[in-house]
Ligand code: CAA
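Before any questions on how it binds or moves, here is one chain, the form predicted alone, in structure tokens.
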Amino acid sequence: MTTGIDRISFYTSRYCLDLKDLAAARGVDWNKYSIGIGQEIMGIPPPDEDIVTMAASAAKPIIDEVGVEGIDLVLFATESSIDQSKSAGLFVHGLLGLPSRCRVVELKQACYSGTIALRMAAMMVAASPTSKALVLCSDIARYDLGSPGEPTQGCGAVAMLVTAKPSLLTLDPEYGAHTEDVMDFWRPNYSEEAFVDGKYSTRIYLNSAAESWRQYAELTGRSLSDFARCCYHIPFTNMAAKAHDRLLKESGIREDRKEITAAQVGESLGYNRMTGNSYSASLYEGLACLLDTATESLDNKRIGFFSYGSGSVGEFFSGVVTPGYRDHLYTDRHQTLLESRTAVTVQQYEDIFNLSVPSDGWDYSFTEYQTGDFRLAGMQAHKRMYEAVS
């Protein structure tokens, strides 16, 4: 039974900060951001935008096109959870008017959770081929002001419709995985900002990629030359390039690695460079970017994927692009969104950063900013109140 991604839709906030401005404000050489980590702009979510509104806005184009019939599973992947009990996906279920015969679960394992959501959705659809599953990956990457991780902040959501006989990508069954209990990145319940050991996390990411790839290669007999393109988890774009270079080196390739990496990975990095890290969504933001911007047709081509979640779990897997996939993309919508965002100043960014959802139990109404199709209207009796944007 073939299963995979039938539709993919990406969303990010309507506000952004040019990292040139941040570099100037922090007294940092701009090249440290643009060349060192490969980032140019980061998405800034306003106070009335959160993982629910972003996920719902990402999914809405899919629902508007194909409807809700047959969707009997929603898996919401995030590490920016808004409730210790209720799944963020249930808010989306209500906003989108999904069927009552629909199971909804939230999944967490750092940035890897989007991949296990996709794999689980594919298995559920394979068991019941007339059903459909909606996978939602939505996150806000947040670090302390002035910290080393600050320029990698960002936000975004990706919605994927998983079906039998998918229109975009059929998943291969084989995979390689590597799990290791480490503390390279974490966010305790009492902290709104994440903690990260940057150099250690980079080393763990690269080791996880190498171990996962070795397993996959042994299982399949495939080499990196069997992939037309590769997509990676993208905490920042140069991390994806480093990971592919590592796999090329592991495969015994000693020359032209920079050129090979640019050819196999480069087309997946453009959106992330303009939004910053979106955690669980970042790998699939890369896939959306690749499908939207590849200069040659990827019909029947195999794509390699490496997903990483700190703490840590890594997985290498693959899929084959469906012929005619370009007829089922939201390219214009994605690119219009990125081009039409409102730029904020560093002071405005810091003011937004220092605003937080109240936790004192009082009722609040949030000022209306520019958002997607949905917004967080306020809090009433400890309950988050969402509404559609007219």
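The first residue of the sequence shown is number 1, and the count goes up from there. Only a predicted model underlies this, so the values are computations on that prediction, with no experimental measurement involved.
One more form of this protein should be noted, the form predicted together with acetoacetyl-coenzyme A, which is absent from this view; the next part is about it.
For the candidate spot formed by Y15, L269 and D332, no residue has a non-hydrogen atom within 4.5 angstroms of acetoacetyl-coenzyme A in the model of the complex.
Comment: 228-236 is the region of 228-236, 128-136, 208-216, 80-88 lying near acetoacetyl-coenzyme A in the model of the complex, near meaning a non-hydrogen atom within 4.5 Å. acetoacetyl-coenzyme A in the model of the complex is approached by T202, whose closest heavy atom lies within 4.5 angstroms of it. Taking the partner from elsewhere, Q347 is found to have every heavy atom lying beyond 4.5 Å of acetoacetyl-coenzyme A in the model of the complex. Under a 4.5 angstroms non-hydrogen atom cutoff, acetoacetyl-coenzyme A in the model of the complex lacks P358 among its neighbouring residues. Contact annotation for K242: at least one heavy atom lies within 4.5 Å of acetoacetyl-coenzyme A in the model of the complex. Scanning T152, T163, Q264, S113 against acetoacetyl-coenzyme A in the model of the complex with a 4.5 Å heavy atom cut-off leaves one residue, T152. Contact with acetoacetyl-coenzyme A in the model of the complex, judged by any heavy atom within 4.5 Å, is made by just one of Y284, F305, F76, Y308: Y308. Shown without its partner, the chain has I35, G36, I37 in segment 35-55 as residues with a non-hydrogen atom within 4.5 angstroms of acetoacetyl-coenzyme A in the model of the complex.
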